[in-house]
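Encoded as structure tokens, the following chain is the form predicted on its own, with no partner shown.
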């Protein structure tokens, strides 16, 4: 099973992206973890190491998919 991590900041753009993308992944193929960086600031460095530059972003198998633009990662620090 592949792991997918959806990083977001809780903004309206992020919430809509979560509803559209993270929930659309087949649960038989993907284990999806949703990380709210506004509430889990200790995970910002993890997101940076994964290559996330802005949120919302979906990371699957070490590949980052930036979805729309809600906030730059630097703005969340």
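Model, not experiment: these values are computed from the prediction. Numbering follows the first chain given and starts at 1.
One more form of this protein exists, namely the form predicted together with another copy of the chain; it is left out here, but the text below deals with it.
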Practice problem: Look up in the predicted bound form whether residue 58 has a non-hydrogen atom within 4.5 angstroms of another copy of the chain, and give yes or no. | Solution: yes
Quiz item: Contact between residue 67 and another copy of the chain in the predicted bound form at 4.5 Å, heavy atoms?
Solution: yes
Exercise. Would you check, heavy atoms only and a 4.5 Å threshold, whether residue 25 touches another copy of the chain in the predicted bound form?
Key: yes
Quiz item: Taking heavy atoms only, is residue 33 within 4.5 angstroms of another copy of the chain in the predicted bound form?
Solution: no
